[in-house]
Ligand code: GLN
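The chain below stands alone and is given as structure tokens, in the form predicted on its own.
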């Protein structure tokens, strides 16, 4: 980690950590892999990657990360979660284990594996006006969707066609952002650039 500016943590327990780091590096952001409570104290924002949300939750508890992450996010630290990261930031989960814990921060109910199994993974173009007029090509892999949301949550994108038309796949609540899909896999950096702008607003 070198240079100046906010330090963006990438939760490095499981999942596509390197892909997020690569995308953030391309935007000249400073990053730090987060594996310890000391790492949580050293960052200005957190990215929670896609992966397997149950495994991620269990490891965060085992390594003593859940409590400090909850405290920092509740205190206003910007956070972005993609796919499993959306589940980790949700206050409520449908389709998860009864004892599955989350960091929280988003007043939403997220349905785990809502679009189906691995073989049901798909790609789609989404309208996401906060990123500009051009459609965003999105990759969905065993993705969740937002089933229900509180009044403070803004919907940023929905699926526009097919059996899942109208399902919510991108949301923001204050300094917390989440997407059902994986922008780190497409080469389109607009979601990460938008998150970095959110970070700058807070720091």
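Residue numbers count along the first chain shown, from 1. Keep in mind that what you see is a predicted model, and the values were worked out from it rather than measured.
The next section is about a form of this same protein that is not shown, the form predicted in complex with glutamine (GLN).
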request  = Could you tell me which stretch in 138-146, 62-70, 160-168, 24-32 has residues with non-hydrogen atoms within 4.5 Å of glutamine (GLN) in the predicted complex?
outcome  = 138-146
query = Is residue 154 one of the residues lying within 4.5 Å of glutamine (GLN) in the predicted complex, judged by heavy atom distances?
reply = no
task = Classify residue 89 as contacting or not contacting glutamine (GLN) in the predicted complex by the rule of any non-hydrogen atom within 4.5 angstroms, answering yes or no.
result = no
task = Answer for residue 20 alone: is it within 4.5 Å of glutamine (GLN) in the predicted complex, judged on heavy atom distances?
result = no
query = Is there a heavy atom of residue 109 lying 4.5 Å or less from a heavy atom of glutamine (GLN) in the predicted complex?
reply = no
ask   = Going by glutamine (GLN) in the predicted complex, which residues of 36-53 come within 4.5 Å of it through any heavy atom?
value = 50, 51, 52, 53
